[in-house]
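The chain below stands alone and is given in structure tokens; this is the form predicted alone.
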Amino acid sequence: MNNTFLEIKNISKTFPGVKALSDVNFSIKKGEVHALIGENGAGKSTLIKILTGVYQADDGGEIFINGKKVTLKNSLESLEKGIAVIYQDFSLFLNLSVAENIGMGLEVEKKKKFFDWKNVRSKAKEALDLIDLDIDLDTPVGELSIAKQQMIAIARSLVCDASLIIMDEPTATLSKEETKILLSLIKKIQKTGVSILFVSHKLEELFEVADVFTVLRDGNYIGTYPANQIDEKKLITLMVGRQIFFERKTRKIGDSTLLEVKNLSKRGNFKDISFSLKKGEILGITGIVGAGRTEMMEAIYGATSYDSGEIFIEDKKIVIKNTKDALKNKIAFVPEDRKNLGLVLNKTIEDNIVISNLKKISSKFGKLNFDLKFKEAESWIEKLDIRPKDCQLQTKKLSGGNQQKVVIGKCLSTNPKILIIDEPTNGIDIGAKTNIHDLLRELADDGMGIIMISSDLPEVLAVSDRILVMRKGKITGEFLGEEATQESIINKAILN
């Protein structure tokens, strides 16, 4: 009996001027959790799109499902063959109900004039029961937490009788507790015989559930390894072609204060926040999800308002009512949600980099100078090593790490004195993480003040010169970088 659900042979994909994949070969067994890992730009997303019929592989590539060679011309054909994908954005209809999101696709496939709404609800209930999720079928999905929205996306896959569910960075927006629930659910789904292709950069989570690891690097197939025959250190080396370490580096900070915040408050979000930021300092801010970190920084940047308190830049009191005020005062902000808040995905790399600083590339009469526009974008593409180095490429076609670099480039183009960066490496591979960490240190060495919000404790410990811990909208602890430990931070974040 053939226990292999999916086998791919010699899968390659070439775009104009770019070889995205080259001769990838591996198989996935029935009921197997198979981890697909690699740096951003390694070819993972391209491979997913080939398996779901969005892209067609180059000539010579073969896909076998249950031992039979298949051609997947579109997403519907892929789904009919038992392959379902859950993307990072879940692709749900937020204004529709739970039942409609889960079961409506089945009715659409039947191509009938009228929907069998009783069947939609019945199938939705069956799928929710499979994953032990007790929720009102009539609840609009937009009212659910991100974790529950993800459960709805999984239930939708199961109701379509998927034999292989591809999960693309499924824990990127989840808290630790929500992640535990998801990993338990994956193990339960696995026992039903459904296979999981799990795409993630979080190796610790992968080792909890994965049976097998397949590694891609620069579009090339590096190898497939049983989980019990490999460790995290070896995987990282395979992914990046070199050993990677998160090193804590002691830096000398000056005495000049760039930013001072006094008693900043916003009802329901944060209260009596006071701290300072020195020139050339990297100030890490951490805490559990919902601690008020992002809300506090959004208020300082003018994206939202605050009720009371004072903000000083270089000892001068300022009032920030909106983001325009922040930019005038040389404050830049890289948001956590880079795709929705940091980028215009359908626009080019060039357009995104210059969008916050059009005055710099325009004449005194407001006319754009296209030569300056191109040079500005090209300079940041080169400085930040954005790949591919094509300023006319749509930003949505970049890997997560390179999209993050574009957002950073957009912010640095405004020549800020203070850079606020929220979850700088969320959803980014280990190699790109170290590149961004090095970049933050270089910017600080040049005198920029950096505030880094992060839930990744190894990152906070490695990069920060000083660390503030928040809990329930208040600062509960402060540590110099070399004095902090994961235990001391967790204590202030949860117990204090």
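What we label the rigid core is the largest C-alpha set whose atoms superpose within 1.5 Å from one form to the other. Worth saying up front: this structure is predicted, and the values here are computed from it rather than measured. Residue positions are given as counts along the sequence shown, with the first one as 1.
Although it is not shown, the form predicted together with a small molecule is what the next lines describe.
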Q: Name the residue from G302, G400, P416, P335 that puts a heavy atom within 4.5 Å of the small molecule in the model of the complex.
A: G400
Q: Using heavy atoms only and a 4.5 Å cut-off, determine which of T52, S45, S454, N435 is in contact with the small molecule in the model of the complex.
A: S45
Q | Stretch from 390-398, 131-139, 73-81, 357-365 whose residues place a heavy atom within 4.5 Å of the small molecule in the model of the complex | A | 390-398
Q) Taking heavy atoms and a 4.5 Å cut-off, does I11 contact the small molecule in the model of the complex? A) no
(Q) I'd like to know whether V24 contacts the small molecule in the model of the complex, with contact meaning heavy atoms within 4.5 angstroms. (A) no
Q) Taking heavy atoms only, is A20 within 4.5 angstroms of the small molecule in the model of the complex? A) yes
Q: Answer with yes or no whether H201 is in contact with the small molecule in the model of the complex, where contact means some heavy atom within 4.5 Å.
A: yes
Q) Looking in the model of the complex, is the small molecule within 4.5 angstroms of a heavy atom from every one of F15, E39 and E169? A) yes
(Q) After a rigid core superposition, would you say the CA of E232 moves by 2 angstroms or more between the shown form and the other one, or not? (A) no
Q.
D136: after superposing the rigid core, is there a C-alpha shift of 2 Å or more between the shown form and the other one?
A. no
